[in-house]
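This document starts with one chain, in the form predicted on its own, laid out as structure tokens.
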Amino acid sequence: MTTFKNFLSEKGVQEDLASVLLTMAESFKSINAQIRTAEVGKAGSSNAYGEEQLALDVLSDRLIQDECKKNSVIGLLASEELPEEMKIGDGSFGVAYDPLDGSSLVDVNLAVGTIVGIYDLGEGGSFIGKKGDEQLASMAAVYGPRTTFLVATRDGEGVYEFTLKDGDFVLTNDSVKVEEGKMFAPGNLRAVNESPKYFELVKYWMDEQYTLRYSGGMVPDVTQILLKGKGIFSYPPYSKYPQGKLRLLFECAPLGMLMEKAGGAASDGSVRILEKSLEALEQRTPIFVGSKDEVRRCEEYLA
């Protein structure tokens, strides 16, 4: 079996970047252990965007912070749970993350995940002004019946899956590819009442007998598309979230990178997700991510 550490060495991943990736893998182990035993109730607080935090949101965020602080090459953090960027050292690497995506599903025992985007920000850098195309790597962990993560690097080829076995992550899929096929995960179905175009798009998927696969968690739903090798995840804007609900830095850019590296696509309906420049940490965006033809169909229907 190929461990994640050996994989990074075999692929010739630059030493500092490899150390950041290994740091994040260690944080996934810690979060996985806590999910199985920790309190799943509310934390009695809200994050920077006014959303009520669960105890596991706060705990997962702290676990990632603690792991990153051990690594001297990481200088800056940005989390969906923090109001501002957090400087933790003088390293040039920045880690942007959603510590526990889909955390509201924990109490009903559905899969949840962690999303990570890694950047080289230079000395005194910031995530503001960055584009998803500038990510050096992205990762998406899923805590389900098994604990797994997907990873891609900017200079590498493809997307790889690792699975936690006997305390270490080992390579279990070395060829994650997304092509075409009839599967859909339609987020924000409320929007069909406001958008005739989105209604027609959803109706097309139903009329063409697409398989519905939607859990309400972006990480497991997009991971399913990546591992099944087909499908589309959609989350359009509507009146409550006219700019979209999902966040560019913490969710959409990292998952967009993984999808593109697997041969798929990610768009906000007109602009490629990885071309969008970050103007604020809380910046939101619509997203359509999956097979290239499906993303193109979304753009055509919603134009």
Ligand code: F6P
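All of these numbers come straight from a predicted model, not from anything done at the bench. Note that residue numbering begins at 1 and tracks the sequence as displayed.
One more form of this protein should be noted, the form predicted in complex with the named molecule, which is absent from this view; the next part is about it.
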Please pick, from 99, 94, 231, 217, the one residue with any non-hydrogen atom lying within 4.5 angstroms of the named molecule in the predicted complex. 217
Interface membership of residue 190, the named molecule in the predicted complex, 4.5 Å heavy atom rule: yes
4.5 Å heavy atom contact, residue 250 to the named molecule in the predicted complex: no
Would residue 245 show up as a contact with the named molecule in the predicted complex if we use heavy atoms at 4.5 Å? yes
When the contact criterion is heavy atoms within 4.5 Å, does residue 28 count as touching the named molecule in the predicted complex? no
Pick from 132-140, 86-94, 208-216, 160-168: which stretch has a heavy atom within 4.5 Å of the named molecule in the predicted complex? 208-216
